[in-house]
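Shown below, as structure tokens, is a lone chain in the form predicted on its own; questions about how it binds or moves come after it.
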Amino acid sequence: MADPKKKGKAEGPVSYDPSFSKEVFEKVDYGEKIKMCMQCGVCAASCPLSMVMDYSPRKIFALIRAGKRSEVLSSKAIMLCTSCYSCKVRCPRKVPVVDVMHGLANYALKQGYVPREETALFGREFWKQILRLGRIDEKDLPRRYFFSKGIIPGIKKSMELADMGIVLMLHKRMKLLPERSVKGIKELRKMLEKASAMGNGGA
């Protein structure tokens, strides 16, 4: 039987690597707010999706401090936040957990990590349509999303959800004709492009 004292000595204390935490504090939106976390676990207890997360927000923050770059940026937890704000409201230290999680998700995508490929694909098509029209075309966006992986997968997905599309049309929630761009679309594009440049570190 192994000596528990010897085992504890071999494992040693948890080591912290400041390099990744410094990267997060400086480059991730609201990343510096992680310093306020006292690891109480209220965020995890408040989150309706905590049971399907690989790491709770509290554990994500601990992993950042421990320098676990790959584990954090490839985690599906940072992509699951639904912005219900339960964690932010209940946090005793007023850590903006929602904003931090979204910041981490955006940073992970910029670094080439795709924790949830489907979410990333949908997000890209959503952004393209907003940039093109200033609004969403309920029939065009799903079509572009379905066919983003190829013709055959696109046809299969379209057939699977055809009944839903018919119901939306019958309830006048989906138009047959293409959506027109909003008024002032050129000005809107300039604003969106400026915001995107600022988010990427531009002037």
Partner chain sequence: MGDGKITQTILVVGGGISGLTAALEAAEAGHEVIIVEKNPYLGGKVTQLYQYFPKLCPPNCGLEINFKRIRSNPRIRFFTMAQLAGVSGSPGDFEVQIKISPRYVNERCTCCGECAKVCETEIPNPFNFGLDKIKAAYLPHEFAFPMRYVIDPSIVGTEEGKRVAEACSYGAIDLGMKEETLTLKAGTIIWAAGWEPYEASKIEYYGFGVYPNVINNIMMERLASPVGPTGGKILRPSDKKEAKRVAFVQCAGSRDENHLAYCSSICCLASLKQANYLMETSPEAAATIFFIDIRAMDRLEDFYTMIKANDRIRFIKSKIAMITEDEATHDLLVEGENTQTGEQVRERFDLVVLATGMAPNKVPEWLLPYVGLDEYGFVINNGSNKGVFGAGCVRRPSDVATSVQDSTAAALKAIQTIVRR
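In this text, rigid core is short for the largest set of C-alphas that superpose within 1.5 Å between two forms. Positions refer to the first chain, counted from 1. Note that the coordinates shown come from a computational prediction; the quantities given were computed from them, not determined experimentally.
Another form, the form predicted in complex with the partner chain, is not on view; read the next lines as being about it.
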Check: How about residue 39: is it within 4.5 Å of the partner chain in the model of the complex, going by heavy atoms?
Finding: yes
Item checked: Distance check, residue 59 to the partner chain in the model of the complex, heavy atom within 4.5 Å -> yes
Notebook entry, point to check: Do residue 91 and the partner chain come within 4.5 Å of each other in the model of the complex, heavy atoms counted?
Noted result: yes
Margin query: Please determine whether residue 45 contacts the partner chain in the model of the complex, using a 4.5 Å cut-off between heavy atoms.
Written below: yes
Next item on the list: Superpose on the rigid core, then tell me if the C-alpha of residue 85 is displaced by 2 angstroms or more between this form and the one not shown.
Entry: yes
